[in-house]
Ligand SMILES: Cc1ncc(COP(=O)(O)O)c(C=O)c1O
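Read the single chain below, which is given as structure tokens and is the form predicted alone.
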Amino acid sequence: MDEGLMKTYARADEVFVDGRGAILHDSTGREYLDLLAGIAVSALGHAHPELVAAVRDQVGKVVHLSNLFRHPYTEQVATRLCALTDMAAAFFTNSGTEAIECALKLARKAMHVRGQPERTSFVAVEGGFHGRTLGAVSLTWNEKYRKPFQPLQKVTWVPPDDAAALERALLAERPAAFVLEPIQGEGGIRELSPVFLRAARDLCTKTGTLLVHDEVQSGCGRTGRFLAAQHHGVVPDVVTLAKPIAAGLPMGACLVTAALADTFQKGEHGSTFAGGPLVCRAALVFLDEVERGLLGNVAERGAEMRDGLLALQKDLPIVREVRGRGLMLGLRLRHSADLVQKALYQAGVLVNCTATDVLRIVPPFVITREQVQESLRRIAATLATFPAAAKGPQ
């Protein structure tokens, strides 16, 4: 298996061939409840009819043009995203990592524009994950991702929710930007507190530091609002998006406020593939669904899933904590989450584990009430087969 591929992924043996909504089928015909959605990507599930129709139509017209030429959909997607995020301008990318790279370059350029080119470093939050390229991995807390590639960009880390530590770091380092995830994904579905998010906004304004919100995983409606920060009334200077934005096609965006909209000059940043007509057509289908009320389903199904997980916490000692909001949920265990994830896989439920002891639950936005309840039944039955406590994080 994996002949001809670099050995970078630990992949399951099953071969998945099709799906409908929150259901996937492998090549043997076995059915799975998909609570992973391609790691928080497939917001419209699988084989969404309007997405299928739009992509088929666009493939029959033009797939790629480069950014040297215009097509009908670029500005449509950009203006709609800006309206949903309180931003003023967008740069399209092919991934969340590339959106972060854009944000880092933009922060450095903004300091040059201000006459402060010495402000080249960054501050980030312990436990954060921002991507795999050299710039993005510099901001990523887990040393296993950084160590093989050092030396990297200078980054100072602060503990989650420690506003005093953040103030000290911003004053001492005078960084170009402070980068955070309002809800840490790889860090274990850990929400930063509203108090800290608001303090970060105030401190960045006070110190002239750009505030960058990485909402690659928490954004585009996964928490029930288009941005997770909108639950707390916080507006960053820069926000990065990706994962659900084109409902499974590779697309990301770096969005900025009006004050930063003209930071890059022509030729200072670019991408051959990004923002092409195919992915923009897919993004328009997703945004149409959002405007038709899709986030209402996210909020309702997310509340049902969370309530069900909280009930499991009362009934099963193995469950230590329920985290997250909307359809970005984490089930923290008194056991190896990896072993439980494998057992759930055998039970026909797709999740993954993060931060060693947390099951990550990030299903498609279109998941139904019945599928939520069936997922909870299978999770409960699987957890009941494990001891209340075992070797692993406690």
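Because the structure is a prediction, the values reported are computed rather than measured. Residue numbers here begin at 1 and follow the sequence given.
Absent from the display: the form predicted in complex with the ligand. The rest refers to it.
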96, 130 and 217: each with a heavy atom within 4.5 Å of the ligand in the predicted complex?
-> yes
Assert contact_stretch over 113-121, 313-321, 69-77, 178-186 against the ligand in the predicted complex, heavy atom within 4.5 Å, equals 178-186
Applying a 4.5 Å heavy atom distance criterion, does residue 243 contact the ligand in the predicted complex?
-> yes
